[in-house]
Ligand code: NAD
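We begin with a single chain expressed as structure tokens, specifically the form predicted alone.
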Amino acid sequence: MVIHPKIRGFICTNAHPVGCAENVRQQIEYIKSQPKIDGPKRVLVIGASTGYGLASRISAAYGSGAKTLGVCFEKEPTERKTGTAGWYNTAAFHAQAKKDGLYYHSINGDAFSDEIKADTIQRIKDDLGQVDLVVYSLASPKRKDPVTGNVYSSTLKPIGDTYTTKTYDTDKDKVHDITLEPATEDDIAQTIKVMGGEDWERWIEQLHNAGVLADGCQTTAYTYIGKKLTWPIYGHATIGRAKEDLDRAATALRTSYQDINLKAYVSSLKALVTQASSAIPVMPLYISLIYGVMKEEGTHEGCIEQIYRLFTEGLYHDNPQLDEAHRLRMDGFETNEQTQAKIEALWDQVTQENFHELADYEGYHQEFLRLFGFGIEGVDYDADVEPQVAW
């Protein structure tokens, strides 16, 4: 099968197995090129197949030689359809880890379910005994509550007032205004159910009850906070309420599991092109602008660079810098006042006519394609490839 990208709106509906494998290989090579991490040895990554979760798995495995167990929810390829990018990423990680003599295992299924939690616990007991790091990196628009069976859906809405701002339509190559209607109380409650801290707490509770969390175990959940330009959609908004609930959960975890000296953090990371951020109003325009500014400043990082710093400067640093909410802040290169002032000035100037001059949309689009294994140098996209790659 010859595989070229099929883009529909803000998603790509297929993926390239060779391109995904090359993307994983490059991230592994980056970690191999860095000083070793004095870090974890047995790691569970919940949401391990793409983005920051995948980078966490690679950093743990190749930075500190950790055995890694990943949980993800990916679609297997068939003769006629490609698998998801996360499927191919995981297959590539498995192949490289096997070659390099590293332990790996992945569980494919709904991480919100108690069944997958039970399967994961059994695998830890069988293979690892205990884990000393749990990374929670789930991104999903829906969640089925394992107790009630109710299905909750997250929304991207401001709270209080209607909000009008600029955005960029990647489909139509158009800068335009967008108006978002305010959230209802039900919108807020459902978004917290999906994106808040409840499932993270449920994972830790069940892992602890099963005795598979090592003494001194660390756990972190990933978040994005942003600044003035993104605050109406990320801060004073439904997502913001869910992020506040993550902070609540982190505090509760630190308090509840003192018997094993559990360290729990929310880690705030920079804005990057991900499958989740591509769907959020404002973000394609904002990210296109910050890419240009941060590349000019020499501070631009991708997922793998950011997570390596999280491990070395945050989770496994003797004196990690925490903000007032006890979060690990790895987003300072983006959120500092000098950089934000440059971005705000560009935001005020940008129009349909000057967008491609002021913004780094080429960089944005390249990273978008890369998520699905496309646009990667050295990959022949006209070659016939086998889509059915096994784990």
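The first residue of the shown sequence is 1; numbering continues from there. Small disclaimer: the values here were computed from a predicted structure and weren't measured.
Just so you know, the form predicted together with nicotinamide-adenine-dinucleotide exists too; it's not on screen, but the next bit is about it.
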{"property": "Residue (of Leu156, Ala139, Ala252, Ala214) lying close to nicotinamide-adenine-dinucleotide in the predicted complex, criterion heavy atoms within 4.5 Å", "result": "Ala139"}
{"property": "Contact residue in the predicted complex, from Thr312, Gln130, Thr274, Gln206 (heavy atom within 4.5 Å of nicotinamide-adenine-dinucleotide)", "result": "Thr274"}
{"property": "Location of nicotinamide-adenine-dinucleotide contact in the predicted complex, chosen stretch of 293-301, 164-172, 216-224, 180-188 [non-hydrogen atom, 4.5 Å]", "result": "216-224"}
{"property": "4.5 angstroms heavy atom contact with nicotinamide-adenine-dinucleotide in the predicted complex for Phe73", "result": "yes"}
{"property": "nicotinamide-adenine-dinucleotide contact in the predicted complex: Tyr364, any heavy atom under 4.5 Å", "result": "no"}
{"property": "Non-hydrogen atom contact Ile58 with nicotinamide-adenine-dinucleotide in the predicted complex at 4.5 angstroms", "result": "no"}
{"property": "nicotinamide-adenine-dinucleotide contact in the predicted complex: Tyr52, any heavy atom under 4.5 Å", "result": "yes"}
{"property": "Residues in 110-124 close to nicotinamide-adenine-dinucleotide in the predicted complex, defined by a heavy atom within 4.5 Å, in order", "result": "Asp110, Ala111, Phe112"}
